[in-house]
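For reference, the chain that follows is the form predicted alone, supplied as structure tokens.
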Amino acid sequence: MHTIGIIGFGGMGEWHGKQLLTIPDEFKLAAVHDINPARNEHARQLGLTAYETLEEIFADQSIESVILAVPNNFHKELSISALKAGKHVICEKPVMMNTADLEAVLAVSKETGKAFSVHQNRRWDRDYLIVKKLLDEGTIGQPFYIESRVQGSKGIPGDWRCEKIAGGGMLFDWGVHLIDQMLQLVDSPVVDVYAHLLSVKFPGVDDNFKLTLRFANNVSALVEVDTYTFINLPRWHVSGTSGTAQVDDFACHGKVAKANTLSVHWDEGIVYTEAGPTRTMAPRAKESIEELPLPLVTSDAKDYYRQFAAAVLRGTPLPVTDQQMLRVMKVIDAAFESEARHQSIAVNI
């Protein structure tokens, strides 16, 4: 059984606690700590031990690992403190505010011999796993364009996510998940990053953004996050050399359309369609297209904790490795640089 403490018992910290309490045979939630006394009292009402100070939770020798669920600008300081206190660390995303901070923390992890990883729970989302399965099995051939979107209409919650100094904005919030997913889907270095960050309703932070990634294998990807959109586009739209896949939403509605034949008959002369006279966009013959349902996948987000514990106890790979964390942070650094310079940034990530 692996013993864990939680630092920061707000919404995400409590979510971690509830997850761990559902697997009591594998994990023990030993204690929590929050700077807000009301949250500590709330934890006690849930039957948990709550410490009033960081020093208490760090001094508890029964706690092997800690989860950091605090605003982004505290990740570096608390990660280093926890590692030096002899704790393995699971840090909420984004793992750090920039690559240099992450490299500093990874150096302390190596120095102390304590494991450090980031909680990329969206690797267990069914919509993502469906796309991964389709690409792994070659259902639509070789992908050449992948679109990944998350869209809402309520803006940003009125908390630290609205504050630039706290690491607010959507690139650090949802963007870090979508970038991580994309880097897992495309097995090739990123060679070009172009970002357009917008502040539509919340000055000072990006509440909407579009990010284009070009990979060395000629796959192009679009990552988009909107918080003020009232007609949503599909969660995923993937174009391949022999078909197209679309996942409409997190409920995983959607379909796959495949070409039965890669060659098509072109009518002579202009074709008259709803789009007017055109040859290029004339519809393909219906019998040349096969429509398939999306594949079924199952997942358990609690596997993240299990893989982390296995890494600590048996030396297996961490659920999110150092190199994977660094790649995501380097893409984010390049995205901020692209926005600042209003141009694409050549990289090798």
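Numbers follow the displayed sequence, beginning with 1. In this text the structure is predicted, and so the values were computed from the model without any measurement.
What comes next is about the form predicted together with a small molecule, which is not displayed.
Not one of 126, 246 and 294 is positioned with any heavy atom within 4.5 Å of the small molecule in the model of the complex.
The small molecule is not drawn, but in the model of the complex it has no heavy atom within 4.5 Å of residue 224.
Under a 4.5 angstroms non-hydrogen atom cutoff, the small molecule in the model of the complex lacks residue 181 among its neighbouring residues. Contact check for residue 5: every heavy atom lies farther than 4.5 Å from the small molecule in the model of the complex.
Contact annotation: residue 122 falls within 4.5 Å of the small molecule in the model of the complex, judged by heavy atom distances. Picking from 134-142, 200-208, 85-93, 236-244 the stretch near the small molecule in the model of the complex, with a 4.5 Å limit on heavy atoms, gives 85-93. A single residue from the set 259, 162, 78, 97 has any heavy atom within 4.5 angstroms of the small molecule in the model of the complex; that residue is 78. For the options 46, 282, 35, 310, the residue carrying a heavy atom within 4.5 angstroms of the small molecule in the model of the complex is 35.
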